[in-house]
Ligand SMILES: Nc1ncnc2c1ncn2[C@@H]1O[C@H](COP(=O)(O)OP(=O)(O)OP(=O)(O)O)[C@@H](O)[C@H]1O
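Single chain ahead, by itself, as structure tokens, in the form predicted on its own.
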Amino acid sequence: MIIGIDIGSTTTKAVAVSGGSVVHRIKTRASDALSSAAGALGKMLVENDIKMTGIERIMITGAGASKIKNELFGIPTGMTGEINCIGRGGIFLAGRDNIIITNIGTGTVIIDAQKDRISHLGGSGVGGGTILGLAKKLLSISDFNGIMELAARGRLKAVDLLLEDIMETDLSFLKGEASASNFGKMLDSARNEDIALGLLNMVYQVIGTLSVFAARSRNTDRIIVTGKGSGNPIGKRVLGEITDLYHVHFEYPQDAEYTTAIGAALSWEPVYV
């Protein structure tokens, strides 16, 4: 059994891979990299009744991975690059290579994953952290569930300047209800619900549009969406609208949130010395 650990900026994820399948998965939080890695490993062992003698190795990636300098609990431990892990994990979950992966976390990373080459195409600082940060300032809410509850009751036309607000006809492939400017209208009557929806819409429109450009640059019409933000229902709806506009399709594999940790488990680089 191999354990893959992804130490993120807010959440640490770990998976156990055995026999070519993901058999266990957990999430945890901690204040520093070592506590995150040790806590994730301990939680994995306790919750799934795993013996340390049954673990062949541990692979760590993510924002705090470089701070883990030694073996964990005497188990061979290595570090591997996050871009490589997203690519390997995406290929594993998609069941094929030659794919574009959009990994939505605190920010967003876009990767071209081939069988023999994983390339970082770019990305954006826009992601889940953007939603949380702006919601804290604009809505006085720091809880993502609270933001989602508000957004579910929001009206986009109260905050976004829509194409129909400035033109009497459609423009190219854009219909009247398309956003001409995110937060470009911002009515005095706009409610917190409307602002919350506007935030989610803006972030996922940016992510979706960048993903479309990346896919077209590689002559494909399929994008694999991974990371924590892949499971956001409002975000999926926005990406669905982008599919309708650009005819580029977004796919959401099972265990997409754990892609990077899975990729870590599938990697192997020299053990720390």
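Residue numbers run from 1 along the displayed sequence. A quick note: this is a predicted structure, and the numbers were derived from the prediction, not measured.
Beyond the structure shown, there is the form predicted in complex with this ligand, which is absent from this document and is the topic of what follows.
Of the candidates Gly129, Gly184, Gly81, Gly122, Gly129 is the one whose heavy atoms come within 4.5 Å of this ligand in the model of the complex; the others do not.
At a distance threshold of 4.5 angstroms between non-hydrogen atoms, Gly107 is in contact with this ligand in the model of the complex. Contact annotation for Thr102: none of its heavy atoms lies within 4.5 Å of this ligand in the model of the complex. When contacts are judged by a 4.5 Å heavy atom cut-off, Gln205 does not count as touching this ligand in the model of the complex. Shown alone here, Ser9 lies within 4.5 Å of this ligand in the model of the complex, counting heavy atoms only. Partner proximity in the model of the complex, defined as non-hydrogen atoms within 4.5 angstroms of this ligand, places exactly one of 209 to 217, 243 to 251, 228 to 236, 38 to 46 at the interface: 228 to 236.
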